[in-house]
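Starting off, we have a lone chain in the form predicted alone, written out as structure tokens.
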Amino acid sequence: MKKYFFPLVKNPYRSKDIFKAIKVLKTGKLTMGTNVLNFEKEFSSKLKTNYSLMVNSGSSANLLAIQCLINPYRKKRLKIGDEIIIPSLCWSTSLWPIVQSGLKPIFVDIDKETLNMNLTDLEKRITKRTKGIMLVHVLGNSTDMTKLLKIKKKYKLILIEDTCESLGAQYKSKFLGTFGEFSSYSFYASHQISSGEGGMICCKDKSDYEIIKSLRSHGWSRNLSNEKKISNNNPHLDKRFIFYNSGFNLRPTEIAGAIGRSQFKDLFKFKKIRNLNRRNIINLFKKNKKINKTIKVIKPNKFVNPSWFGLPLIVNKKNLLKNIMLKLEKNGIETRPIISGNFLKQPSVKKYGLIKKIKYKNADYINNHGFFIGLPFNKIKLNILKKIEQSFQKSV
């Protein structure tokens, strides 16, 4: 494996995080338990969400949100063929739960200045079959939530916020992930906090929460608010093994809960340091004429207090992206596309017949001009900052 002096993500686990994991290991109780339950409570308390449920990944959180929308226990369930709007700049598991649940994804373009959903294009794509929006908050930034909420209200749409890249970001002092009916978060190693693997799904409605809780664990009736009633209605069954709903096994481990709790306590500290690292790198770029001429930095949207996931950059000149990324990799800086680029260019989209004869020019632009580098949660030392500048100087 290639070694980088500036990787996308360094080992995010501190000694105290590892100690929490070891403490769980010593108990011998590794399946979901009190650490997971406490993490859920702490998450709701800090971010001001109604209900939070930890899962094994942010991808699973997206899956549960969409599956809840089509579930027969939901009063206003969606029907096969109902439309969910999604930005063309997205992740695989923002999209596929929509398709896997029998719903129809409708792609919209993005704003290339913020990387987030283009709200003018969003409103153009709304039809009588449109029931919801899968909103992806990209790399710690956000669209204009005031305008989006007006559109949501006007057309009576359900909002799912994919906040996997934006934990801790705020719009007008309100945390991203608290505007919609559902939201998802990821605690993968490269994200704002990490539990190894893991994620959180949040929702506003108690009945949705009960559905999600059952779906997370096999469809069991265990720990549901109406568990006793379900048991009484099914006296022929062992009350410990009543399958009340369809389901998955998307539970997190107790180890993930312990590490997640440990990191979550320092979320705002991590956010502050990442913002500082970003400013320091940008200041170097501004002072370097060659870099400044070739590389543009994505800025936070108006009213957004971002929680940066990485440092998204745009190559201003045509046909240089691949060459610059290859040179940066050679010079010790790990790079990657912004999310996965325009997802409509992926072979899976073609295979499943989702491609339409519509141009998404801004998503195409980011696909052909955009990339990002990492932002660690510990302060970047001066000698590393100088090496970053030198590597970019050689690469552009």
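Residue numbers here begin at 1 and follow the sequence given. This one's a predicted model, so the numbers in the text were calculated from it and none came from an experiment.
Beyond what is shown, the protein has a form predicted together with a small molecule; the following relates to that form.
Enquirer: Identify which of 67, 59, 367, 52 has a heavy atom within 4.5 Å of the small molecule in the predicted bound form; exactly one of them does.
Expert: Spelling it out, the residue with a heavy atom inside the cut-off is 59.
Enquirer: Of the residues 98, 110, 176, 136, which one places a heavy atom within 4.5 Å of the small molecule in the predicted bound form?
Expert: Of the listed residues, the single hit is 136.
Enquirer: May I ask you to state whether residue 213 is within 4.5 Å of the small molecule in the predicted bound form, using heavy atom distances?
Expert: Output for residue 213 is no: heavy atoms all beyond 4.5 Å of the small molecule.
Enquirer: Residue 180: heavy atom within 4.5 Å of the small molecule in the predicted bound form?
Expert: Output for residue 180 is no: heavy atoms all beyond 4.5 Å of the small molecule.
Enquirer: Taking the small molecule as it sits in the predicted bound form, is residue 164 near enough to touch it, meaning that at least one heavy atom pair lies within 4.5 angstroms?
Expert: Yes, residue 164 is a contact residue.
Enquirer: Does residue 94 make contact with the small molecule in the predicted bound form, using a 4.5 Å heavy atom cut-off?
Expert: Yes, residue 94 is a contact residue.
Enquirer: Among 150-158, 190-198, 122-130, 73-81, which stretch has residues whose heavy atoms lie within 4.5 Å of the small molecule in the predicted bound form?
Expert: Among the listed stretches, the partner-contacting one is 190-198.
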